[in-house]
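Following this are structure 1 and structure 2, which are two forms of one protein chain, each written alone as structure tokens.
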Structure 1
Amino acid sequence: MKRLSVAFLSLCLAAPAVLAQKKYDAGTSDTEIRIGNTNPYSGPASAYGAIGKSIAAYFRMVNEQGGINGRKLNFITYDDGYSPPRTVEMVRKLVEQDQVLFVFQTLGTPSNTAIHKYMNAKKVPQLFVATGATKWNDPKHFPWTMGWQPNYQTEGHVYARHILQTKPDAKIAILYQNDDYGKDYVKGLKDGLGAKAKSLIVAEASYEVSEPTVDSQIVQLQSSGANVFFNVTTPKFAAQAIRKAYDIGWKPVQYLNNVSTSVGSVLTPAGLEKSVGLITTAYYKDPTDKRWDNDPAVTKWREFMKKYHPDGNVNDGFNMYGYSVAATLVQVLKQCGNNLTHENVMRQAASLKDFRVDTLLPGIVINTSKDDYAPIEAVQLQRFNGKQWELFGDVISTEK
């Protein structure tokens, strides 16, 4: 009996050591965490390449400061050119050859759709994808995939609500990218308009990412007599649409989807004077907004840009986006501690409670759970004045 008690005591004393043991999946060690990414550094959506570059810069800063729990972040990022077949090729390489712990911020709805089933079959996290499609919040069927930004359908609801409040006699024309990304936004707007959608929407036109311009679509939409224009386009085509509408004298109230609001990458190429009056949503602080000139978080971001990403455009909101999502990932990895397994990465990503990234707008926090894979569920409307975006109204919850 005494011998049994001693053995039991020894087991109890050993338990904390057992619990504290390090757990690693592929892509991790005592010194490293390998993170995979694909980004369109070239091709029709190359403006988004700024995101990948700002994330890489953020991780360089983290590594210089000692890494995460003593481990350096090894960010392996490939150019997929916004081509889904290329994304599949690159992600397979990341998972099977580079053996990353997870992929992070893979960009684009079509691209992420192409790897969605593969990542879940492999049970490797597809974390904080750079797309707001509604499908990423489906932990029951796709437990290894999680979004980050507000979803497109609820953003469409916000625009619909504003149109109904401010222009009840609207005649709405829609330009959208002909894929899941564009269709998600259109569905959101129509759902938000409800029974009035059929009478208020007078024209729709789509485009393929392989098309050189959307000029003909803008002329077509103008001919409908629409006085409201919902511009659902990626940066290159957003700039073209804004410029063409202005040049042909079409002056509707314009709603621009959030994914193309960068002053540096979209509105400047379109023409700042041609972008006056555009309405969109925001959830992080825009670096061109003068209200943030003395904001501690934006000041810190500018210092980061100067030191770690000097070639980056400080007027490009995509650099603020990349910084903010990278900060979110760092929090997840800190919470992981020494348990760096696929399962624990997803567990910690789904355990963010009122987490605040200081570059997000005041009042916006990040919350996730095992049943809720939508980290950011609030936005605020803003309007472009020819120099900068100006926020207006209250923060609006997009949570269903």
Structure 2
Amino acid sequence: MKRLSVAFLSLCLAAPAVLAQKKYDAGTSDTEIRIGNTNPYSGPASAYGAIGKSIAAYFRMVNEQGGINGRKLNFITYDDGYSPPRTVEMVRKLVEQDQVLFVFQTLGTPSNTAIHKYMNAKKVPQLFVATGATKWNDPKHFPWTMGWQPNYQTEGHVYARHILQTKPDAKIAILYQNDDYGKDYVKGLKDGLGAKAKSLIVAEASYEVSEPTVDSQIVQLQSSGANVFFNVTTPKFAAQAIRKAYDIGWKPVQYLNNVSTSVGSVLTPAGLEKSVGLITTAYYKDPTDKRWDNDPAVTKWREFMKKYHPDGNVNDGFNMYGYSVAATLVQVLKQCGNNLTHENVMRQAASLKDFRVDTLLPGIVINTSKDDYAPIEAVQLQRFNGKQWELFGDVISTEK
């Protein structure tokens, strides 16, 4: 009896100490971390759905290997069809009904814009969003939102630097989609060119996504006499622009934004021989690139695909993307330890130091701080040789 009461007493004393160590917000317990997500599994952008599926597969692997600090990841992902109103509906459901600890990799610039204020008002992290817009790096006004991939302005900067180095007498023509995404790229390029922007850029033309073709714009840009063409377009228009420029005999140096580098759905429709010489950027290892055939990270990724995501296409770079971003999140959650609050998730996401994901290109590391919400800020240039992209030059970082 006496022994029992001692045991009871010690239990009472010990309990508060344990509670003090472990801190939980909604969606977490000793056995679970609940993570929310929206992805376009249907609709016009459903090619991106591969990302959500590969992330789910990655978490299945983590759970099978014991989870994170003993907790299983519960990934709740909904289809928003790339429609912002549906994103809002789904994200509210995730936060208010499913009680997730945070949302992760919600996809699309318009979709994330629609929930941007809501997440920050609710003080629930909107972590590593799947879009390259620059506005996600604004910790002062939106401390609960963070991007992941190199943003469009960073990429524009890199092109500007390359133009200044290789073609100081460039006459630049720009074609861009008339929205946040297109303007972000143009701003990046102009900032990168600095004071020379005014004299080097000779023509700018925009298009709306509802237009059947961009032929008229290409003809317009060609007649400006430009010898450098900066192509800021989504896949369909990218293919049209590349083909039209070739067909009318315009042969500038062409920079193509990272959004439309798919060989299968952009360069093949445009014509592979018409795409020779295009320059763009990369930051993760392309699974179709022969140079990575014996790379340990890519081999590991192939095994992962085989075991946990057998339906996924091993030639689809989006599966590599999903894998890499999921690995980054796992690092953040490991750093969180037993303190699983909204605040600590954000604090840990903002204190990644030289973190390396092995599926990113060699030399690219992730750094964040409370003033720097841009995880990947380095890319490498690559050129199309008629068959595949070929990396050249060094990794270029724009980290300050």
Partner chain sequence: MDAFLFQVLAGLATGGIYASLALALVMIYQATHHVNFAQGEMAMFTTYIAWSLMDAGLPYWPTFLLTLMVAFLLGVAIERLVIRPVEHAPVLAVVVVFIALLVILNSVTGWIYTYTLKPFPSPFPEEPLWGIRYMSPHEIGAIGITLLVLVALYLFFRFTPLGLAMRAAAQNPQSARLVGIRVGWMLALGWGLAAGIGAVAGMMVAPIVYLDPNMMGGVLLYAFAAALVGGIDNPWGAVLGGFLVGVLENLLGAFVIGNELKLSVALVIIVGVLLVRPSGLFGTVHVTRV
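Here, rigid core means the biggest group of C-alpha atoms that superpose within 1.5 Å across both forms. Computed from a predicted structure; not experimentally measured. Start at 1 and count along the sequence of structure 1; that gives the residue numbers used here.
- Looking at the condition given, the form predicted in complex with the partner chain, one finds it describes the source of structure 2 alone.
- For residue 149, a C-alpha deviation below 2 angstroms is recorded between structure 1 and structure 2 after rigid-core alignment.
- For residue 329, the Cα coordinates differ by under 2 angstroms between structure 1 and structure 2 after the core has been superposed.
- With the core held fixed between structure 1 and structure 2, residue 200 has its Cα displaced by at least 2 Å.
- After superposing on the rigid core, the C-alpha of residue 249 is displaced by 8.9 Å between structure 1 and structure 2.
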